[in-house]
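Coming up is one lone chain in structure tokens, specifically the form predicted on its own.
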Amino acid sequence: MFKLATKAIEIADKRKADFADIRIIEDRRQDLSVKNGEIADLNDRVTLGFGVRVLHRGSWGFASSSLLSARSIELCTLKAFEIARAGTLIKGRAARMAPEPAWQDFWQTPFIKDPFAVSIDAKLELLFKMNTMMAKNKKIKSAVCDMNFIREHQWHMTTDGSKIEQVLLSSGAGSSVSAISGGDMQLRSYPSVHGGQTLAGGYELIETLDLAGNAERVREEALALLAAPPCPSGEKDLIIGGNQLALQIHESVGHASELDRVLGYEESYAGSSFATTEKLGRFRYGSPIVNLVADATLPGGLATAGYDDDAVKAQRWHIVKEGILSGYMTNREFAHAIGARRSCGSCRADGFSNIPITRICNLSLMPGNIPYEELIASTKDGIIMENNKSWSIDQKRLNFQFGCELGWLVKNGKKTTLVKNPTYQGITPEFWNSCDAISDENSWRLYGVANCGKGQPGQTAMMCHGNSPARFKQVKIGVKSN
């Protein structure tokens, strides 16, 4: 593949590009789904193609093709130059790339069991077993069980000398039931919502989830929610963890710290950010116990790789340190805007046919020093919310509302009444500044986000958000505050 890729680099060098790169990508995806006792999805597909990116006289050009040949690479590279030249007619900021050493390397996601070597029959047998157990009640109107596996093989060359081969592997599975009775519908999911739990690695992840072992519990919780009282309204101490805290991190810190969004490059499509660059190093984002760390080296992380799509080596850095805004998700083009001499390495593309853009890296809330049981025991009037069901956040990443599948009231240190349709709302810095306790490392887990959308045309990226359950003081709960 590198022999083919060299063609693009030779043309770019000859035409004196400021920077150029080519990414050849072979992508295999396998999706399996069983719904209400029948196969709902069974796909196993492979794509192969390349994308050429050219920075010429401060303007970008990009072209891609699924026809992989020397002639096709030549034509795409010339087309990328034409697009870049057309861009120079628009008087705007000249793009330039932050420096990065030239890397020549091979990197691969560690795994134990190749998911593509596990038979389709074995996967379907597990999905059908789960599905049958989850559907064993007349009030269960929908039971869905899924698995998905992705292997992306990349060959990346740049005009500044990098030559990087990477194989990225992820595995995921999930299940959900919908219980309906008396005009009410309640949803429960396991181990997570929005497609289940996905992490970097092999089929060993599926085996650790104990999907069948949790099927009956998930079904019974959905049925119990039908009879549960609604979530009260008012201000309570909120305890969240798992995929709900992961989504809170994602929406109110992850997207808010994407530097292209901060600078206004996403504004017309998905909004900007309140976390503007003059706040760097001085803005109190959260309480002093809040430490949020981006990490492209995190084992199991969906954004973990040897290098990003700017050919920047994987790094670990603070976004929020002891409550203070301390960093951004950067690429090589925008790192200059905050005075950085090097990108942190948060540039990725969705497949070969999209231009790389700034994306959220793995971003995790560091654990605190209190066991989860003690966190509950020290809560006088609170609520625990689990598993996201809905979310909304404004164009500045400030005002947000979240809904969850399930809530438990906490009274005088004890978990008491199950409530349905729990919701909460807040304003990002006020919310993170209200964090007064974070569970210790024994409760810390990694949660995958496999469907993050961004960009025009739209791209999908994957990342993880680790956390242990945390408590936030006097949060507005329910649909109406008393």
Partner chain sequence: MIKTEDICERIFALAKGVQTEAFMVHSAGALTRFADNEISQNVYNDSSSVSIRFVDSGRTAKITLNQFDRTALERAVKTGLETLKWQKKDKNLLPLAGPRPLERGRNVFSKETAELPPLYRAQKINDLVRTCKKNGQIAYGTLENGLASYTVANSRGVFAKHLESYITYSVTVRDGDGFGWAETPAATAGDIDFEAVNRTARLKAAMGRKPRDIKPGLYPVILEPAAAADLLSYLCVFGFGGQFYNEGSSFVSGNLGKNLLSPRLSIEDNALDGPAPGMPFDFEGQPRSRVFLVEKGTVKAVVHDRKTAAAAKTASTGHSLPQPNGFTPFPLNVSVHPGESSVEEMIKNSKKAVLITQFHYTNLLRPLSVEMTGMTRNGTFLVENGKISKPLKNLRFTQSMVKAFRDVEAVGRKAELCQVWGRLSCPAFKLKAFNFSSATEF
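Positions refer to the first chain, counted from 1. Note that the structure is a prediction, hence the values are computed from the model and not measured.
Keep in mind that the form predicted in complex with the partner chain is missing from the display, and what follows is about it.
- Mapping the unseen interface onto this chain, Lys141 counts among the residues with a heavy atom inside 4.5 Å of the partner chain in the predicted complex.
- Interface membership of Leu280, defined by any non-hydrogen atom within 4.5 Å of the partner chain in the predicted complex, is ruled out.
- Residue contact check for Tyr269: one or more of its heavy atoms lie within 4.5 Å of the partner chain in the predicted complex.
- The partner chain in the predicted complex is approached by Lys35, whose closest heavy atom lies within 4.5 angstroms of it.
- Of the candidate stretches 120-128, 322-330, 154-162, 359-367, only 120-128 has residues with heavy atoms within 4.5 Å of the partner chain in the predicted complex.
- Checked against the partner chain in the predicted complex, the residues Lys236, Arg348, Arg219, Arg397 give one hit for a heavy atom within 4.5 Å, which is Arg397.
- Contact annotation: of the candidates Pro232, Gly87, Gly195, Gly300, the single residue with a non-hydrogen atom within 4.5 angstroms of the partner chain in the predicted complex is Gly87.
- If you take 178-209 and check each residue for a heavy atom within 4.5 Å of the partner chain in the predicted complex, you get Ile180, Gly183, Asp184, Met185, in sequence order.
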